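This document opens with one chain alone, in structure tokens, the form predicted on its own.
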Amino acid sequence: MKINTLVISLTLVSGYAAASDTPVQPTGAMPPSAQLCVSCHGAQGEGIEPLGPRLAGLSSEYISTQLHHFQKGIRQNATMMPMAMTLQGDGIEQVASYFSAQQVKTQVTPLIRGKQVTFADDTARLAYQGDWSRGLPACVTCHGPSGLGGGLFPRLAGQQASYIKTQLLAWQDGARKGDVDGMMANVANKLTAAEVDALATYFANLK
């Protein structure tokens, strides 16, 4: 399995300058393009289960990439596809910058790989060490220490368990695409149903 190393800087922009005929938003103000997102994702991107996942804590690049995927039909969702199509011009960048700049209320102290070498809990072991007998890399290899994410790899820590599970199942059945080198589909298809449930709960509880 190929794993590309992606080192991406997070662009946390709290305001934006629109076209000359549009007033410049005050620092920290929600751009008009993001207002449609609030009913499902919350004003601070905190997420509203089961309507929409948390966006706060995700990188600007990840959010913008997923919106482009919805626009192009690479990623399928009956609600998000038409919503994404409303974002024209620099609307995607405005939305991504706004929500990526929102703070996650509960801070997670990252557990650096190698700091703990043995795990009594099977799910924690899978998250931090993987299972190379099945060709399964550790989740934190791409999603960062304690699943904090970065760049094209989303934050898992504190995300809704139901959403993490839904996405893993979507990778398994091919409903979700657009992953680098088919990496997530490869990983997800090696997980048992019990492991999907356990990993979703484990990362959701990292708050």
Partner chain sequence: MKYSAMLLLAATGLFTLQAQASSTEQAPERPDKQAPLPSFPKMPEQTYLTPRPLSAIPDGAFGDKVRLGYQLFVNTQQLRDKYVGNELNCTNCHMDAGRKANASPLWGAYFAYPAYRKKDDKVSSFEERIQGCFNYSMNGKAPASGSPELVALSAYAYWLGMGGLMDEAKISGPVPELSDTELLKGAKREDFPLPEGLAKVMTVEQRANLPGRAYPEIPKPELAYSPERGKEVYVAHCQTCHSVDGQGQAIAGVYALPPLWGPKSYNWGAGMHRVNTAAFFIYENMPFGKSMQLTHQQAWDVAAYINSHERPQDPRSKGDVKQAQEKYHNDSDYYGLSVDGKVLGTESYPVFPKKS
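Positions refer to the first chain, counted from 1. Remember, it's a predicted structure, so these values are computed and weren't measured experimentally.
What follows is about the form predicted together with the partner chain, which we do not show.
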| query | finding |
| --- | --- |
| Residue stretch of 64 to 72, 151 to 159, 28 to 36, 46 to 54 approaching the partner chain in the predicted bound form, non-hydrogen atom distance within 4.5 Å | 151 to 159 |
| Exercise: A78 in contact with the partner chain in the predicted bound form, heavy atom 4.5 Å | no |
| is_contact(G91, the partner chain) in the predicted bound form, heavy atom dist at most 4.5 Å | no |
| Interface membership of K115, the partner chain in the predicted bound form, 4.5 Å heavy atom rule | yes |
| Touches the partner chain in the predicted bound form: T141 (any heavy atom, 4.5 Å) | yes |
| Partner contacts for 44 to 78, taking the partner chain in the predicted bound form and a 4.5 Å heavy atom cut-off | none |
